[in-house]
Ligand SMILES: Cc1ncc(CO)c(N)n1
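Presented as structure tokens, the chain that follows is alone, the form predicted alone.
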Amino acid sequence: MEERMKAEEKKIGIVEAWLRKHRLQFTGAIRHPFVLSIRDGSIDMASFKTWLAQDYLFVRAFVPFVASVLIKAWKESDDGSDMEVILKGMASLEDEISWFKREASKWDVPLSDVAPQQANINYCRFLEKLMGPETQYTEVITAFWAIEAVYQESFAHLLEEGSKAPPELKETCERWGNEGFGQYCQSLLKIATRRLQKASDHQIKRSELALLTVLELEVEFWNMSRVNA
């Protein structure tokens, strides 16, 4: 069984093999009921506002995480272009925070009064763990790709034919579902794939666990938005 898995990983790539192996978990994250409720137009706007406020807090915690990925790339990467890819993502976060503030104002969501809910706290603690010196670049870049990919896959689905997403949420869908963000995620995937091809079995196992943890935390984050609607 293990030899068959390794043969498949060699043929199609480690990450693609993982996505096939963990298809249910991946689909659960990118086709969550919260996401699908936007696509079919049935979303409760109170749920959207909960997500908006909590994701604003998450993005603020995401900034130092991405900075730590950049530092690990500088120290550990065998390809100087990695830093350029990561830096591009980091530079976009300033605009993203500004966007959240504008959206919050539009929806009358007082961000200064928002406290992180438990699912958000759990996710941010995971980011802090990845920032530690004991966590190597290969594991971190895999998690980084997964975090970005879940949003790209989720929101791109909301732009596809047949979507009945409310017009007032179109800008939200386009922010993460656009082609440019998709290309950026592909760049992160290429880095993760390259690193994994050269990684030890121990690092591969840790990276796979990081992917699964991201998927679990993403589902919890979507759940939080719906439960507190």
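Just count from 1 along the sequence shown to find any residue number. Note that the structure is a prediction, hence the values are computed from the model and not measured.
The protein also exists as the form predicted together with this ligand; that form is not presented, and the subsequent description refers to it.
Discussion item. Quick check for you: of 42-50, 57-65, 28-36, 157-165, which stretch puts a non-hydrogen atom within 4.5 Å of this ligand in the predicted complex?
Written reply: Of the stretches listed, the one contacting the partner is 57-65.
Worksheet item: Could you tell me if W18 has a non-hydrogen atom within 4.5 Å of this ligand in the predicted complex?
Response: It does not: once this ligand is placed as it appears in the predicted complex, W18 has no heavy atom within 4.5 Å of it.
Worksheet item: Does this ligand get within 4.5 angstroms of any non-hydrogen atom of I86 in the predicted complex?
Response: Close contact is absent here: in the predicted complex, I86 is far from this ligand, nothing within 4.5 Å, heavy atoms only.
Discussion item. Is E148 part of the interface with this ligand in the predicted complex - any heavy atom within 4.5 Å?
Written reply: E148: yes, in contact with this ligand in the predicted complex.
Discussion item. So in the predicted complex, is this ligand close enough to E96 to count as touching (4.5 Å, heavy atoms)?
Written reply: Answer yes; at least one heavy atom of E96 falls within 4.5 Å of this ligand in the predicted complex.
Fill in: this ligand in the predicted complex - contacting residues of 110-129, heavy atom within 4.5 Å
Contacts from 110-129: just Y123.
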